[in-house]
Structures are given as structure tokens and as C-alpha cells.
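Taking the form predicted alone, here's one chain by itself in C-alpha cells.
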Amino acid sequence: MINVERVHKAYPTRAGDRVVLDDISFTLGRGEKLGVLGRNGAGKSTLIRLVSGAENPTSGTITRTMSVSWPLAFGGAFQNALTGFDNVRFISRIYNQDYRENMEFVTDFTELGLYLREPVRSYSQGMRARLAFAISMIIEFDCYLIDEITAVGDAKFHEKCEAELFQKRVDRSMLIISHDTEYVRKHCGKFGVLHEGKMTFFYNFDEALEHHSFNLHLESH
């Protein structure tokens, strides 16, 4: 289980602290899939980074009693000076995996070809996301954090991602953020809408989407 309790996150600016998340609480149990909607800048990616442990909350606590992936579209964990293959070896050794088998999977899945022999610092954002996703799939986690993975790659790549995540790992927990509301509707069983630092929860997608759309309408006026 992941337990997020009264989490507050603020970033210092010259004009004072900018509050991104304000008193957020929820639990994510084994096998549950939570989809989060919100406009750009609402704090969705910040929430995922906090749950992953990449950042710490300003206050509040996040307790994890199951293994949690890094954000699947996030390449910040890579060693930029190393090649794609060297990063696969590095992660494989940390998790005591057979790196040869993992390299074969990553080569087939990412379709990055010769770029896997180049330093990751030379990769585009999309290439880094492909590599991050593939490496996430070689390590089995209890909970996967999915940050706009549908924005990366073509339809064929999306199909491969769907098969790996939602067919082979249908029993895993997931925290999903996406601008693609149909993607959230299709894969999640409960929903959160982030707006002005607060998160409202729903078990009905249509109600969540209506609330999200209402917030967008308010901001456009």
C-alpha cells in the first residue's frame, strides 16, 4: 500500500512560496489504479515525483509498503555519460538481473538501434522516455507510476506499452497521469482531480471529468 497523508509541497520563488500541493491525502492499495486529471501546472507530475521518492514533500508523509517504480516517462535516473546499454547493465546489477537478457528485451522494445550504444545525454526526450519505460519493464514493481507515457512514440509503441503494462501486469497498482482522458477512463478504477493544490476524488469517471472540465472552464474566464 501507498499512504499519502496530508502532503504539502511548495517551491520557493522571489515572490514567495508557490504552493503546488496543499494537504493531499489518499491511499493506493494493491491492484488499484488511480488516474489523476488536471491542467498543465496543476501539480500532477510533482505528485508522481513525490510518490516515487524522487522529491520529498515540504510537509506530510508518504509511506510505501510495496515496491514503486520511477515515473515511466522520466529519465532523470539515468547516468547521462553512459550509453543506453551501459545504463541497462547498471540497473540490472543493482536489481541482480541478467543484463544480457535485459539488453535483448530493451533492444527489441525501444527500437533505438545504434543509439543504445551512444551516451544518454545525446538522446531526445522521447528516446529517453522509451529507454526509461523499457528499463522499468525489466524490473518487476508492485506499483507503476505512469507520467504521460502516451505522449511518447507512435501507435505501435503505444500498443507495446499497453500490452506490457495492462495485460502482463494487470494485477499491479498504478498511478496514472495523462491529458488523454480516454486513457484514464479505460485503465483506472478511481480518479482524482487536481486543482489549485487540492485533489478531489471520484469513483465515477464521468463525474471526475465533469469536475475537471468545470475547473478548466473557470480558468478560461
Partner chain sequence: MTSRLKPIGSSAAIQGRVVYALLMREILTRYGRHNIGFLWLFVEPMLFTTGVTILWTLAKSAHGSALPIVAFALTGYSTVLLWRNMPARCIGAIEPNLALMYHRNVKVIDIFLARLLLEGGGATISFVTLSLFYIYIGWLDPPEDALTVIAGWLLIAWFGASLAMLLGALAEKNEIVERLWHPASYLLFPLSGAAFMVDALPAVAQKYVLYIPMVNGVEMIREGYFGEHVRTHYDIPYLVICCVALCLLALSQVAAVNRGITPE
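Computed from a predicted model, the values in this text were never measured in an experiment. Residue numbers count along the first chain shown, from 1. If you superpose the two forms and keep the largest set of C-alpha atoms that fall within 1.5 Å, you have the rigid core.
Although not depicted, the form predicted in complex with the partner chain is the subject of the following passage.
A.B. asks: Only one of Lys160, Arg64, Arg169, His195 comes within 4.5 Å of the partner chain in the model of the complex by heavy atoms, so just point that one out.
C.D. replies: Flagged contact: Arg64.
A.B. asks: Between the options Gly53, Gly189, Gly41, Gly29, which residue brings a heavy atom to within 4.5 Å of the partner chain in the model of the complex?
C.D. replies: Only one option qualifies, and that one is Gly53.
A.B. asks: Could you tell me if Val68 has a non-hydrogen atom within 4.5 Å of the partner chain in the model of the complex?
C.D. replies: Within the cut-off, so yes.
A.B. asks: Would you check, heavy atoms only and a 4.5 Å threshold, whether Ile91 touches the partner chain in the model of the complex?
C.D. replies: Yes - in the model of the complex, heavy atoms of Ile91 and the partner chain come within 4.5 Å of each other.
A.B. asks: With the partner left out here, check for me: in the model of the complex, does some heavy atom of Phe201 sit within 4.5 Å of the partner chain?
C.D. replies: Close contact is absent here: in the model of the complex, Phe201 is far from the partner chain, nothing within 4.5 Å, heavy atoms only.
A.B. asks: How about Asp86 - does it come within 4.5 Å of the partner chain in the model of the complex, if we only consider non-hydrogen atoms?
C.D. replies: Asp86: contacts the partner chain in the model of the complex.
A.B. asks: Assess the spot marked by Ser124, Arg128 and Leu165: is the partner chain within 4.5 Å of a heavy atom from every one of these residues in the model of the complex?
C.D. replies: Negative, none of the three is within 4.5 Å.
A.B. asks: After a rigid core superposition, would you say the CA of Asp98 moves by 2 angstroms or more between the shown form and the other one, or not?
C.D. replies: Yes: Asp98 shifts by at least 2 Å between the shown form and the other one.
A.B. asks: Could you check whether the CA atom of Glu118 moves 2 Å or more between the shown form and the other one, using the rigid core for the fit?
C.D. replies: Yes, its C-alpha moves 2 Å or more.
A.B. asks: Return yes or no for Cys143: a CA shift of at least 2 Å between the shown form and the other one, with the rigid core superposed?
C.D. replies: Shift at Cys143: below 2 Å after core fit.
A.B. asks: Given a change of 3 Å or more, say if the Cα atoms of Leu50 and Arg128 sit closer or farther in the model of the complex than in this form.
C.D. replies: Farther apart, by at least 3 Å.
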